[in-house]
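In structure tokens, the next block holds one chain alone, the form predicted on its own.
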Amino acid sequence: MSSSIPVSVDPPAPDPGPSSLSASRWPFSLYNRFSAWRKALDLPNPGTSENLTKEAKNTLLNNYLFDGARADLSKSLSMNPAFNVTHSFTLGSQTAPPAYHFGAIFANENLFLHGNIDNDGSMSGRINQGWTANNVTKAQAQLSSQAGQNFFQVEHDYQGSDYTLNAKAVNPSPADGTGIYIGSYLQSFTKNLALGVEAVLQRPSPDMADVAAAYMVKYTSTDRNWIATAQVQGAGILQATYWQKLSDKVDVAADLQLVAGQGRRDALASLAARYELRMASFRAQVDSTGKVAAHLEQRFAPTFSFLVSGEIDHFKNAAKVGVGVMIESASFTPEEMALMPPPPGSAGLSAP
């Protein structure tokens, strides 16, 4: 007589069913639909927040005016990779003492290096490293014998298909967390409109912190012939710019700065125009404080330029005049110089 031993069999696992699978996968499905929708819009990259007013700055004279005498002598030692050295002399300025600067630049497709030292021993340097076409890390530092003039800054840019992220730290201290920390986000919402926000955290000491926010808007015409921007800060500061390309050789720009906070009510409006000739570049500007300025760069040869800069303040009855030369001594033949490409600008690299 045989005896039977019962054998326990585990029950089969319950079928999750289509409803359970759908519930677990819906976040991925929603993300894929959102990505496909954004890709279908084909929105452009809005650029970086640092270059929000780039076109207007290239027309305005704020970065071009000088007084006294100036000479920039540069020599190109290599074409690929690009390597050159520069000797700069300034004297006779009403606002700055005579100075001498020695600088060197090295650049290839992914790396940009720039160093500078002056006659007082102050040194500054900048490095831009492009890891990919969308990721660029930048760092700059300055060492000076004058108190309060030393600083270090590091930042990183990431440019997506229709947005840009930037993170920046100025004089950061890992030990106590002091420094200035800035983060910005700029997003294209249409082919013409981009909106952005910037947050600033200032920590002068471990027990003190101040947070501020700024908002940005950029509108670009469909044919990119005009660009309008505005930046609003929480302290009651507004900056608005407008740039328009009238022709291949002429463009104009307007800048408005308002300060309405902390007991101040100031406003400054500037209007400028740039005219590009075949061998010259002329800029003129007038602002609401009664200042009229002009800047002329005349190129007599690819390696020689003559500069004239002037400003008249009608309200203060004052004037400034500057003259300068830019001479480049190259170790190349004229044929090689004609074939020389512009300074590397790939991967978001650019000179400061």
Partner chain sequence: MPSEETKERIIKAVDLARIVVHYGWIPFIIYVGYTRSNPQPSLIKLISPLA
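Everything numeric in this text was worked out from a predicted model, so none of it was measured. Residue numbers count along the first chain shown, from 1.
A second form of this protein, the form predicted together with its partner chain, is not displayed here; the remarks below concern that form.
- Checking 75, 249, 156, 224 for any heavy atom within 4.5 Å of its partner chain in the model of the complex turns up a single hit: 75.
- Exactly one listed residue, out of 116, 281, 229, 270, brings a non-hydrogen atom to within 4.5 Å of its partner chain in the model of the complex: 116.
- Here the marked residues 244, 266 and 286 all miss its partner chain in the model of the complex; none has a heavy atom within 4.5 angstroms.
- From the list 186-194, 212-220, 254-262, 142-150, the contact stretch for its partner chain in the model of the complex under a 4.5 Å heavy atom rule is 142-150.
- For residue 81, a non-hydrogen atom is located within 4.5 Å of its partner chain in the model of the complex, even though that partner is not displayed.
- Although the partner is absent from this view, residue 121 contacts its partner chain in the model of the complex, with a non-hydrogen atom inside 4.5 angstroms.
- Although the partner is absent from this view, residue 126 contacts its partner chain in the model of the complex, with a non-hydrogen atom inside 4.5 angstroms.
- Its partner chain in the model of the complex is approached by residue 175, whose closest heavy atom lies within 4.5 angstroms of it.
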